[in-house]
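Taken one at a time, structure 1 and structure 2 that follow are two forms of one protein chain, written as structure tokens.
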Structure 1
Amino acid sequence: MDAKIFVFVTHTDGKADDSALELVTAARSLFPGCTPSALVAGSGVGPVCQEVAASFGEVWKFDQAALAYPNAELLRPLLVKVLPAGATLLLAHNTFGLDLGPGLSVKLGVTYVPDVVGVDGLEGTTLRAVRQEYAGQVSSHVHCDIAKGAVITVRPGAFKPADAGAAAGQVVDRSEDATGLAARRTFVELIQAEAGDIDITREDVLVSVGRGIGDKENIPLVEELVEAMGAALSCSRPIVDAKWLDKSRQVGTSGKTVKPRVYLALGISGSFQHVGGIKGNPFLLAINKNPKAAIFQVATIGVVADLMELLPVLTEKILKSK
């Protein structure tokens, strides 16, 4: 069964994304004892293949100029062609995974299981996985028949990254299988967002504010805490949509990807779009008055409290400790 468990590895600037090792952990949790194989597609992906080889049983390399930008319309027929019968493929549950996964499962005629955050176990060919519904308010336990294979997307941050070097995979060049691919859409250009007055991607300590702050007039309370901690202020998407803070401070899949040592989430529900922008396993402290908020699923420490009551006290305690 090992040879039939695959992880699609995405990469940026010649480096594998953090999701690669998270998906290794997810694969081992879903399929105990397995050593998954990796699929790496792109242009000039030799270094990426070598990087991830230590964590996979085998690495299939698809190196073609047409794959320089991850285009699901090109990759879907390629994966239908190369994946063996009964294979299970794991993808990160991000914009790319959502683009590729559903259509691929239809083409393969296999089960599609999106946004997995946990595992109840595998019994025969029945996979028991945990998903979240209603913005993380409800955990659903789903039973899926994967006898014919499956396409599974895994929420970023839901599984801790595996230790690199646990395997010694061989790189297998399958580039010829990727010749002759054609798509109706093509990549034009990548436009980087303006950096703004601060680059949150370089900060070690971030205090991030979400919809739970209630009102724009309450942001100065957060700024007092930010100053006391010597941190930088960031936010979730609703704060940007309300025009309370600049887009350059947004953390998430539609904002910036950050890798701080400490991340303080204030009034943030914890949607996968937001959590997907937090990498590197920071010490994550979440404060939310809703005990069922999804952010508590990934937090190192969770505090159920009213922000307006707790913020002044927390700021005062930090200032006194200094």
Structure 2
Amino acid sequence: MDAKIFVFVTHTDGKADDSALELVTAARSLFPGCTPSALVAGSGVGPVCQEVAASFGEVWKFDQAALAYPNAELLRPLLVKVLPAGATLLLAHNTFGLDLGPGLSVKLGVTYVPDVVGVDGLEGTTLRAVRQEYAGQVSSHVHCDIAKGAVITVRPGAFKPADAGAAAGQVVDRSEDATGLAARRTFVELIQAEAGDIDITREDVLVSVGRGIGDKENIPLVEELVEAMGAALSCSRPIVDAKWLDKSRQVGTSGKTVKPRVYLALGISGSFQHVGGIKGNPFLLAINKNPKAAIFQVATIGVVADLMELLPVLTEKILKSK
């Protein structure tokens, strides 16, 4: 099966994304000892191919001006054309992977296994994978028939990056295969997220508020705590969706990546998209009324409590202690 395991390598500004080496680890936990092949598509991707070659058996290069922006609708027919029957393709479960993967699995006629966080091994042609549901409150074991091949998306950060290997991967130029591609979705432009009034990525103490705060009218309770601590205020996505706070305050994969020393999570369940934006191993304190909330799996300190009761007392105690 070795020759049929592929990793789709995405890249930013001429460098392979971190997910590339995580996907190698995921591939090896699926097929112990395998050396997967890499697929690299884009415009001027020679250096990316060289960069990752040591970790793969082969690197297939698809270098075309038309692929300058990674449009899943354009890449899907390309992959259908070039992947051999029975192939297993690993992608990161990010905004690109979940755009490409489900439809690709249908077009290839293979099994789709989304957002895998762990692998318990392969039994015959049955892949035993671990997933999470309900915002990480419970996990599940899934059995997947991959006899005909599979498209598997792997949660970013769930697997450790593989050591840069010694696989002396061959770069195979398959750019010719990527000519004449057409899609009914065409990329127009990329609009960068706007900067806000404060830059939470530079703050070393963050108090982050989530949906558990319940109502816009309760935000001042949090602001008072923030002020008492001399901290900065950040939040989870639903707070931004509800327009209670500005987008620039959002921590997470579709918001900001923060690296504080201390992070206080208030009424945040701990979805991977939120936690994925917290880097640098901060001292993480979580207050949540649900003892099963996933945030307690990653927090240093946890408190099961109702914010409405605890916050005023906490703020007052801090002010008094000064």
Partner chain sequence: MDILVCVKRVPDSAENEISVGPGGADIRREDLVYSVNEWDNYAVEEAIQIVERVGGNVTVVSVGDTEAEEIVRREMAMGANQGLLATDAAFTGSDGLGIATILEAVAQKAKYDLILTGAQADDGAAQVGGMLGALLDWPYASLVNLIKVQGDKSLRIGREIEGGSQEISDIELPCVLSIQTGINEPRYVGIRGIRKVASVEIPVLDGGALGLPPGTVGAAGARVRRVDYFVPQTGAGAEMLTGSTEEVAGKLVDLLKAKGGIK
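Residue numbering: structure 1 sequence, from 1. Superpose the two forms; the largest set of C-alphas matching within 1.5 Å is the rigid core. Keep in mind the model is a prediction, meaning the values are calculated, not measured.
- Shown first, as structure 1, is the form predicted on its own.
- Core-superposed comparison between the two structures: CA of Val106 displaced by less than 2 Å.
- In the core-superposed comparison between the two structures, Ala54 has its Cα shifted by less than 2 Å.
- Relative to the superposed core, Gly42 undergoes a Cα shift smaller than 2 Å between the two structures.
- After superposing on the rigid core, the C-alpha of His274 is displaced by 3.1 Å between the two structures.
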